[in-house]
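In the block that follows, a single chain appears as structure tokens, in the form predicted alone.
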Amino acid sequence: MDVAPLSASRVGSWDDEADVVVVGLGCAGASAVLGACEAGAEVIGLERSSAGGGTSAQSGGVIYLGGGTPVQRACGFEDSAEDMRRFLVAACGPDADEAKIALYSEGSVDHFHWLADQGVRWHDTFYAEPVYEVLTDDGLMFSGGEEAWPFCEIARPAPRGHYPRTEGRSGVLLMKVLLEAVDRSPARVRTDTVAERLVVADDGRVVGLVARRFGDEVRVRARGGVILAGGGFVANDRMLTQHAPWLVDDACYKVGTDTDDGRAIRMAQALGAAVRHMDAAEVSNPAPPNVLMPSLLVNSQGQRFINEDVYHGRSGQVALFRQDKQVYLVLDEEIHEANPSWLKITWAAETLEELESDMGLPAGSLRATVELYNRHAEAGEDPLFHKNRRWLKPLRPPFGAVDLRKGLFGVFTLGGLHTGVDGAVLDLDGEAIPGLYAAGRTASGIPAWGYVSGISLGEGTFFGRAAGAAAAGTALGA
């Protein structure tokens, strides 16, 4: 479908208009609507599905917040904006957006209160065990490997994963709260409406868009700006093949919805917008953290390549991008029985020689790896990869291994439109395209070649608000 911008001179008449038009009503789009309304703008929100929510509603719901939130303090943890900033720069890099990280870290506590004002609630309880997602109603956990090396030496560790109050996946709850806030606002919402093309004035300013609703063309004018918050592009194999071909793989489970097709990104690119980190992705390790941390990750040479207690998304990225998914999880019977999970043992043996032979590893490689690990673990050390001593335990027979090559690496894209801290979309020269903003996974945000759980919902809501306020300011002459 054509995404080339349309000249305003060819529009003729508009079917609807507002100060700010927001495309997509996931967490970023809903927050953009609310931010623009709070600034006094007239707002229209467009959603291609029959209801808002998008990928945000399918998420676990963790929101990365820090700097000393009320939940952190109630749970007995000290944190600062500077510790949060240092950690995010290291964990979300290389080439993480340091300007956005600084702004987000400084504004994180205020953003916590803004979310609370919309109706989001948290229990003041801490969940200490390593899991993908908290499925109890606890409100706080370590969600980004803050306690793992090398990050524990870069910044004072603090848990920053905030889970809205519910048992189970809380993304649905978060979006229910945000969409109810949108319903209470004066914004007008148009569902089942697909944005197709941007409309541009002779001076290059984006002044609206062309959409389609039930087959009919709809032309919507935006007096202050259009905010694109239509998700990433993990559902578009053509874009993946162009930018991140390693994600087009049966071993990669695409995390997102069919609407994550990159359309919003391509609409802006057709206007000359720049993009960043289109080859980057979050990759969740197939092994759950409770099993992963006390076990060993080895590659096709039978060697360890990372500290297993690091954030599971980081070990997943390293496994996919640096080890080409040729990885195995090695453990013993005690670990397997003490950490229930859905993982099935692929090979089991009484000796390491038998196990490495069954796995097809070079003779002696796994034995050397485990013997070295065991010798250091007995002394409470891991000089090679610095795993926290909490997870250090010598492996004893019988041994087992899980073939992670046949596991499912959960993936979604991190790249998108290059934007400023106010959400303004930038062109190839780094100049703002007048009247065009983006937020959420449509934009290249805080993460580059790293990630922490909760940063998508955190930065999506934070910078969505910022984009809404900026577009409203343009419309109202602020």
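Since we're looking at a predicted model, the values are computed, not measured. All residue numbers refer to positions in the sequence shown, first residue = 1.
One more form of this protein should be noted, the form predicted in complex with another copy of the chain, which is absent from this view; the next part is about it.
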Only hit among Y132, Y127, F385, W391 for heavy atom within 4.5 Å of another copy of the chain in the predicted bound form is F385
Residue within 4.5 Å of another copy of the chain in the predicted bound form by heavy atom, from T346, S357, Q269, T136, is Q269
Exactly one listed stretch (300-308, 152-160, 391-399, 215-223) reaches within 4.5 angstroms of another copy of the chain in the predicted bound form by non-hydrogen atoms, and it is 300-308
Fill in: Touches another copy of the chain in the predicted bound form: S365 (any heavy atom, 4.5 Å)
yes
Does D83 reach another copy of the chain in the predicted bound form if we count a contact as any heavy atom within 4.5 Å? no
Inset, instruction - Mark Q118 yes when one of its heavy atoms lies within 4.5 Å of a heavy atom of another copy of the chain in the predicted bound form, and no otherwise. - result: no
Requested in this report: Please check if D427 has a heavy atom lying within 4.5 Å of any heavy atom of another copy of the chain in the predicted bound form.
Outcome: yes
Those residues of 234-258 with a non-hydrogen atom no more than 4.5 Å from another copy of the chain in the predicted bound form are R238, T241, Q242, H243, P245, W246
